[in-house]
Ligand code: ASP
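Here you get one chain, nothing else, as structure tokens; it is the form predicted on its own.
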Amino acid sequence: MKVLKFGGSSVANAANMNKVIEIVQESIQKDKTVLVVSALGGVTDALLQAGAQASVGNDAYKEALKELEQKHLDTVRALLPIQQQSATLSLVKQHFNELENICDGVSLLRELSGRTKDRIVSFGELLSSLIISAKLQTLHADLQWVDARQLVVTDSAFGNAAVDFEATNENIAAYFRANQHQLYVVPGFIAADQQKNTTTVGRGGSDYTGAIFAAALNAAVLEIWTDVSGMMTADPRVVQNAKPINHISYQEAMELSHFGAKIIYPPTIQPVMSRNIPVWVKNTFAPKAYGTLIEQVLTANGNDFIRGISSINNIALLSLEGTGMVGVPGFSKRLFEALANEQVNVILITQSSSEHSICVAINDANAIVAKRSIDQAFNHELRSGLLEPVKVEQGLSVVAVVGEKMKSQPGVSGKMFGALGRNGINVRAIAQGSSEKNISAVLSSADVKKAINVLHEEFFETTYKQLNLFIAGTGNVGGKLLAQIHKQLVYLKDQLRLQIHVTGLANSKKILFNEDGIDLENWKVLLADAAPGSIHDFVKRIREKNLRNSVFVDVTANEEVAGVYEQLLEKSVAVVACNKIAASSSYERYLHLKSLSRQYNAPFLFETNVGAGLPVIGTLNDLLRSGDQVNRIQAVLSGTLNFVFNHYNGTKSFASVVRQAQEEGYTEPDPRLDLGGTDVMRKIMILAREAGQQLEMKDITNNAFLPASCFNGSVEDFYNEMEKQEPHFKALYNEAASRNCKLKFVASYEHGKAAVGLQHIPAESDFYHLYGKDNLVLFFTERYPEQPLVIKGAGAGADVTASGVFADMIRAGRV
């Protein structure tokens, strides 16, 4: 004997019903079969709504019933041969006449009791099962339609009645002994109490009906046919890479279904588990797919000690605490009695070992009545100050990691909460049963999607980690960065197990988002066609999206962009900054950004602030982390100035050489930041700060070489003024040349002091043979006291700067 149950989507219309009938026909060729069916898709909700409308005197219920009647009549006409329709059409009309009479009575009385509501919704399963029976009869199947209300006995808790298994099992066994057919068609969901009143066994109860019949008949298997190919490691609507679960234990299936997995109704498992009857979840629309087989405990292999991740939304957390709880026997009993008296179901419990506090998670809809009942139960303690008033937190969800074999695998909890913490997901409460089949965490509903994806990636996606990039700035460096990312996508996925999604792009006018990743071959066109928006709009969307492994990349030189870092770090979004403004702002803000980075587990990386793609800051940090101490730094830190002084020899005007440097992409948008020394001041200050020195811009000595008149007006005015000041620049060059020296703009840091300025560099200096746009940094430390640690290479240019940003981005993603 096999029991096959088909859900509402499987019997939603005639086309779907024909698929059901094909599966049933194949089954009855081999085994006696019980077919349990749900109502046509959407019918149960429509019936409940019609009853509710009738109860308040809203005549809209009449039109709703007509639409439902027409839906069933259309199904009959589409499903049955025309010569064999009349009897079934008449049966449908009779049932709807009865249903309309019931609703008319509800409308007259303005009352909808639980008993009447159960009677109304029962018509859905009755009609669908009768229609399918009629179709199978036209195919000459040896079948019997069975009214579940005649066999399944429950109490009178209408809406969610409890089954009397002793009476039910006896009824079913006796009925099947007395009737010998190859197929039995049974309406799911419905039953009857001792007084023969129609009851229902809970929403989703058709699964339960199937389990009840399977257990009573000791069936070989219970097949649950639905519209998905079995249970998944997570909700595929939330997790793009959710995987099918081929095999799962009864206990794991119950845990997952309890915590929100909608594939199977939670009470379904218990009757079949007691008889060791396998449950096979299959897809009506892909019958050859394996699905999920639920049976006794399975042995975990490799990393499959976690079976799935599930969640329940609309949760409220009630917290009760106070000294009046400590060591008081029966305290918890009083709390749970208060909730039970109001029919409030407790989803999760956690209590501190000191007994000073206890909190319970319940359905959000019950929060008010639950608080009132607890306040009444502990009125004396609350008035005397032994307890604090009940705290109610709403807008929460429970996320559960489920696996039968977790107890034999160390570190699961650490892995779970470590992954959540790294992504800035705050856990409000934790519960783990002594059986260790599940670890549950209460968190903000706003974080649920992110949390489930983070945990799924941690436990199931061993092949790669997805990185969501939000890039501000699509100019010269930004464009090079996007090209480099595009080129390296396959390499990063294959070699570093990183799947890069450029999820957001912004320039000064437009913002563009795509959670599946922006097409990097076509990003310019897409951004040009995108919606207008500011950097603040961009950041707001990033925060709202709340995606895992998010990295914000600033490749601008814009102060407004640098001002948003705090908002991102506070949401655990890593910040990679080419922009020097933040790290060179006030020392207080610099420390604050560093502190936020640590507090929210969000890297704040700015390697390209000094030396473009050269590993200057990284090397400095490595020295300090390994216990070294920096005594002195000497450096040529401006690729722009080095380029200019390497190319200026008095034969071409100084202004023309600077213009060439700007055209080749080596200068800041305003070259005066380079030539005036401001950019170099920022860089040496950042290095000093990273070395542990408290330093502000005002503390740095700037021996400037640019005449003050060059700072007036626009950038073009600046070039014009430099042309006028050509004698000044030629004099600087000639003086150095007369001493067989070169001009270099050098930054230095020693004994807590920093200075920048133009210097004459003799031939024996490390700086003398520094060509093109190269930078050179000399670290004199305790370990390198006389022969410094030297870092040398290109310190300017879009390509090398982009590559430095890219490297920081990868570092942030691999934390």
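Residue numbers here begin at 1 and follow the sequence given. Quantities reported herein were computed from a predicted structural model and do not represent experimental measurements. Definition used throughout: the rigid core is the maximal C-alpha set that superposes within 1.5 Å between two forms.
What follows is about the form predicted in complex with the named molecule, which we do not show.
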| property | result |
| --- | --- |
| Listed residue (55, 775, 27, 44) with a non-hydrogen atom within 4.5 angstroms of the named molecule in the predicted complex | 44 |
| Residue among 552, 643, 745, 189 with a heavy atom within 4.5 Å of the named molecule in the predicted complex | 189 |
| Interface membership of residue 203, the named molecule in the predicted complex, 4.5 Å heavy atom rule | yes |
| Contact label in the predicted complex: residue 50 to the named molecule, heavy atom within 4.5 Å | no |
| Touches the named molecule in the predicted complex: residue 39 (any heavy atom, 4.5 Å) | yes |
| Residue 125, heavy atom within 4.5 angstroms of the named molecule in the predicted complex | yes |
| One stretch from 329-337, 163-171, 480-488, 204-212 that, in the predicted complex, holds residues within 4.5 Å of the named molecule by heavy atom | 204-212 |
| Core-aligned CA displacement of residue 747 at least 2 Å between this form and the one not shown | no |
| Core-aligned CA displacement of residue 680 at least 2 Å between this form and the one not shown | no |
| Core-aligned C-alpha movement of residue 204 between this form and the one not shown, 2 Å or more | yes |
